[in-house]
Every structure is written in C-alpha cells, then in structure tokens.
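In structure tokens, the next block holds one chain alone, the form predicted on its own.
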C-alpha cells in the first residue's frame, strides 16, 4: 500500500534540563503510532529519538546541582528512557549529542560547509535566550523577553562563526512552493513563508563563552552553537556520510516537532542541508502544545504533568488513546485528568471493552467457518485510514477506526446473537470475529498492548495491513480478562 518501501520518522531530541512531561510524551506517542503503522504496511522503518545534552543552560543546571555536566545529563537521560519504555515506545535508535560518533559527525558537517564557502568569522552582538538557547532580534522580543518561554534575555557580544543563511532565501521559497507537504500542517506554512520572504540574517553558529559543547573544527577557542549540533543528529544517527543506514533511509519522511521549534527545522535545517548538498526531508510536521486545565504548563505554577505519575493510575494504552483522541493533530489541546478518566469509561470501556467481552462470551457457541455474506467488511475503509496516515492525520485515522467499532456494536445490538442458533448464529459470529481480528490490527499502532490482548483472546496474531480483509476465521477463542476497568473520575 503506497510506493515507498522505507519510512524514516524522527522526534526532536529532547533537551535534558528536566524530566520528561506530557508534551514530550505526546510527541513520542504520535511518532510511535506512525512508526507502527508503517511497519504494518511492510515497510522498513527507522524511528529515531534521543536527547540534546549540550549548551549553556545544561552547564548552569549542572553547576547548581553540584555535578559535572556529564553526570547531570546521564541522570536525566535515564528518566527519559524509563518513561519511553513505560509508554511502550518502539524507537529503533536513541541518540545522545554527547555520543562520540555524533560529535565527530557535527565537526565533519561544519568542515563541509566551510569547504562550500558558507561559513565565515565575524562578531555577534544581540539578544540571547539561555532557556531556549536561541539568538533573538530586537523585533522578536515581547516586552523585552523571549517570545517562546517568556523569560528574560541576555545581551551577548562575542566573536563568532556565521553560516550564510541569507544566501538560501530564494532556494527555500522555491522548495516550499514546489513541495507543498514540506511545511505541515498547511495552516502553519504561511507564517514561515512570510518570515523567509522578509529576509534572512546569517546565523551565528559558535560561542566562545559556552564550553559544554562540541569543539568547533579548526579553532579551539570556539564551540558549536547547540542548535546546529542538535539538528545534525538526524544524519549522524544514520552514520552520515558513508553509513549504510544513511544510504537506505535519508531523506527523512517526517520530522515530527513541536511548533515552537518550527523555524529551526523548516528554515535553518533545510538551508544547512542545501549547503551540504543533501536531499531535504519530505515533511516537517509541527504539532501544537498541551495546556493543563487551560493554563500553560510551568514548574512555577506547579501544573507540569509527569507521565510516570499518570502511569501509576492509568495504563499506557489509556494514556496513549486519550492524548491522540483529545488533540487534533497540529492544534493545541488541554489536558485534564477528569477528561482522561471520562474517555476511559465512556469510550475505551463502553465502546471497545464491552464489544470484545460480548463477542468472546458468545463465540464458543457457534461454528464460524465461512458462511454467507461479509456484512461488516464493507463498513471499514482501510484506504481512507492509510491516506490519513500519509498526511499524519492520525486523529482522522482513529476516528475511522472508532466509527467501525460503533458499527460493530450496532450490528451486535441489531442481530442479538445471544438469541440465534445454527447458521444464523454462525454467520453473525463470523462477521463479528473477523471484524475483531481486523480491528486488532488497525488498533495496534494506537494501543499495542490492547490490540495484542484482543488477538490473544481470538487466537490470532497481529500481522499486516494485507490481512485486513475478511477471510475464513481460523482463530481459537481463549477467554481473557476485560480489556479495561472502570476508573474513578477525579
């Protein structure tokens, strides 16, 4: 299904100044769903994530904690890995910017840009946000503060190497015009295009005052700007320039990011790739932000949601389902535990859990060798779901799957199989069991453990999208525990 035989999906590498929160978890879950779907398509998938471990903020946080920067980041990285394991994230590689291979790759990449004549030495004077590790112009400041995090900025004046970002203005605009999917979702594209049209300033790519960073090649007084260091991870993880994985998987199919770092991925990164003579990713998809009970997450407010805390009360699949179902991809969403509990009780338990329980309870009373018409098969549109995934519209894909669940429930209610016998019962149960088998495959990317439990009770396996066609049911029913339990609404 589809022409591409490989799929390369990346998340941002998360900055390790603190433990992961629900926003990080959302990005990882979306990426995991995409990766699992493309594996079901039979594609060779590479799912990359990792941690961004250099920069001034890390340096200061480590000193405050009485640790070396390496000791500090090692402890935080372990928390990220533990959280992703608990949320059943199936990444293929976890990169750290302190990895020796990555450091060497960053230096090779900069050396290549130098050979292309796109790096020169000068002096940087301007505003810098330590919290976001971002250079800012006077026009970008909001009430004299960082427009992204709202924190105070510092005035910086120091010798610096610059990348000729201004040189790539027209090439970027041409690429946006010729590749409409590159800036996704589409409603975010115009803001980027307008800013590029206004003109681009060359980018400062080195610091002399920050030493917890990659040494700049050829000049031991300078260290690489953390954002350039971070962006190179997408190719260093593949073994650029000679690695087999680089030849197989580059360019990336989807760079999945939060909207606050869209500029770096949609403007700076493609310009760097153009300079290096490398193909650009197919799509940069920037999703929205999570608020909590209508307020921005903040340590000072005390409303940061820790996924590990949620996992003490809800299953990983319940959390995965809620985060996807509750926030249209690309838009902002609001998290409340009350809404999470209500969705578990009202959709997972009532719609899906009860459907599976009712079908399994009756299934062993019927001979379900193929009989009559595939009544339910026409109620699920696999092609529509697949097209939604192509656009990263996983909400639309899940809605189509849930529509099928509701149709199956309606079919149970209308046929009342508990009142039937003989061939009538067998035909109804055949449709319901095959419907469940197909459903277990379709649900797998979203709720892998739940899908596996359904398949286990059916005596079938999670296979591939090619098996999402009704055929003679050959499973062996094994009654199991209910998929979901009623949870207390806070």
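All figures in this text were calculated on a predicted structure; none of them were measured in a lab. Residue numbers count along the first chain shown, from 1.
The protein also exists as the form predicted in complex with a small molecule; that form is not presented, and the subsequent description refers to it.
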Check your understanding: Counting only non-hydrogen atoms, which stretch in 388 to 396, 251 to 259, 203 to 211, 346 to 354 is within 4.5 Å of the small molecule in the model of the complex?
Key -> 251 to 259
Practice item. Quick one: from 266, 160, 233, 184, grab the residue that has a heavy atom within 4.5 Å of the small molecule in the model of the complex. Key: 233
Exercise for review: Could you spot which one of 227, 216, 168, 335 gets a heavy atom to within 4.5 Å of the small molecule in the model of the complex?
Suggested key: 227
**Study point:** Check all three, 175, 177 and 279, heavy atom within 4.5 Å of the small molecule in the model of the complex
**Key:** no
Practice item. Indicate whether the small molecule has at least one heavy atom within 4.5 Å of a heavy atom of residue 290 in the model of the complex. Key: yes
Exercise for review: Although the small molecule is absent from this view, report whether residue 52 comes within 4.5 Å of it in the model of the complex, heavy atoms only.
Suggested key: yes
Exercise for review: Look up in the model of the complex whether residue 27 has a non-hydrogen atom within 4.5 angstroms of the small molecule, and give yes or no.
Suggested key: yes
Check your understanding: Taking the shortest heavy atom distance, is residue 473 within 4.5 Å of the small molecule in the model of the complex?
Key -> no
